[in-house]
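Two separate entries follow, structure 1 and structure 2, each one form of the same protein chain as structure tokens.
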Structure 1
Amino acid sequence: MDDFLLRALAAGLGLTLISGPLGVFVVWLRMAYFGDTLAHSALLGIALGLLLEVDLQLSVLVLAVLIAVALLGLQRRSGLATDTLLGILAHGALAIGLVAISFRDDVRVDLLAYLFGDILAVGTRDVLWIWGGALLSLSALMRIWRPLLNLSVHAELAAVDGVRVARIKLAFMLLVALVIAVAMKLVGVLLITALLIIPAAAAQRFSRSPEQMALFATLIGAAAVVAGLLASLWLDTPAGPSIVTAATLLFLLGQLHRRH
């Protein structure tokens, strides 16, 4: 097997380690659109990174964090519905990003790579970063697992039980921002939310506990990464979309399974 494929596999599997457990919470908390918004704002992150000449991964991450904080602030103050705010942030950030990029005539941003990612191009250093980031965010998620689960069930019950709801929710949103910034390079903006949500949704039918659902989401995500990369190799299809296609097929297959 070729080295680039092994690196792609390693990177994809590292990502599913965290996208599975994080994805189930995105599904439970109905935050799919939040993931989309962060992904869209990544373009602005890239644009700012190019203009300020800083590391792109870092500028994407910083912007995702800023968007998450801005959302929390607007939720408290504006009195607008969350999906409206997300629409404003997502499309506002996307448009500003495109405008900002146009200021740099000398820079041609590969929009396709940005939209669909380029998992086959990851280097050894990227793989190490992904595994480091995944393990770090997974251990952070495990630390807040119980209060986060509690508030996903019922925020006010959790608050009466002593959970610091706002703080835990912020921590969770920052984790999502981190994972999206990392995943963008692999599967691209359009497919990140898919990787968070589809394996989690597919796992639900087979699970009897929240933890089981998180584990199965990771396993299904890993299966999709392997199947997608192999398909991409044999059929010469783009890697990122192939992974998401595989996840979607796994999801549909799972719907045939009788719920116990």
Structure 2
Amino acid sequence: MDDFLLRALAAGLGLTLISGPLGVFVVWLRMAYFGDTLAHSALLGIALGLLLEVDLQLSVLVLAVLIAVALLGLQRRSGLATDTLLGILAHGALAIGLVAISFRDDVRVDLLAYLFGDILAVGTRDVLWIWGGALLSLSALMRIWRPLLNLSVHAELAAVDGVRVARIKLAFMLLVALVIAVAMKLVGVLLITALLIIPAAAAQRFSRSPEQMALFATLIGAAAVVAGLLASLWLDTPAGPSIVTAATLLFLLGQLHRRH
């Protein structure tokens, strides 16, 4: 196998190391739309980065963190459902981003590169960053695992038991935002959000404990990465979408197996 394919495989497996466990809580807390909101807001981050002439990945990262903080604040004050708030933030950020980017007629942005990325173009340094970031993020998730689990089961009872619900929820959303924003430049927003949601949803059918679900989600995500990259190699299809397609097929196969 060529070196670029091995690096892509290493990068994809590194992402599944954190996307699997994180995806468990994304599914349980019904925050699948949160990733899509960050994908929409990425355009605003890119536009602001161009207007302010700062690093685009940094501007997207800062905006993702602000979206997470804004969501938590609106949840506490507006009384609206989370999916409604996410819809407002997603479309509002997308619209503002399109307006902002219109002020720079001299710049042409390849949005597909940010949405789907190019996992086949990752270098050795990128792979090290992905694995280092995944391990650090996984360590942070383990520190809030138990209170986050209590929160996902019943927020009110968790608060009675002494869990600082707002703080834990913010920490989780910031963790998701950071992982998505950092991985965006390398593999694209749509790929990392798909790896957060689809493997966890597939693993839910076969799991009897949260830890088992996290493990199965990681394994399913890893299988999707391998299958997607092999399909990209054999069929000459885009690597990112091929990985998402493989994950979707694994999810559907799981549903069929459940019926039998």
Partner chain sequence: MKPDQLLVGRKLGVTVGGRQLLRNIDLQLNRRQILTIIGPNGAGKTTLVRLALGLLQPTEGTVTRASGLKVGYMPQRLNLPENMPLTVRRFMMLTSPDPVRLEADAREVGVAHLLQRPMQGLSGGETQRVLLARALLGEPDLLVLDEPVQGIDVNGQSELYRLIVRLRDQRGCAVMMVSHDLHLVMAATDEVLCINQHLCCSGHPDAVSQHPAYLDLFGAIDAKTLAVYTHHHDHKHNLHGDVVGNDGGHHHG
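Numbers follow structure 1, counted from its first residue as 1. Note that the structure is a prediction, hence the values are computed from the model and not measured. The term rigid core refers to the most C-alpha atoms you can superpose between the two forms while keeping them within 1.5 Å.
- The second of the two structures is the form predicted alone.
- A displacement of less than 2 angstroms separates the C-alpha positions of residue 230 between structure 1 and structure 2, with the rigid core held in common.
- Once the rigid core is used as the reference frame, the Cα position of residue 217 differs between structure 1 and structure 2 by less than 2 Å.
- Relative to the superposed core, residue 76 shifts its CA atom by 2 Å or more between structure 1 and structure 2.
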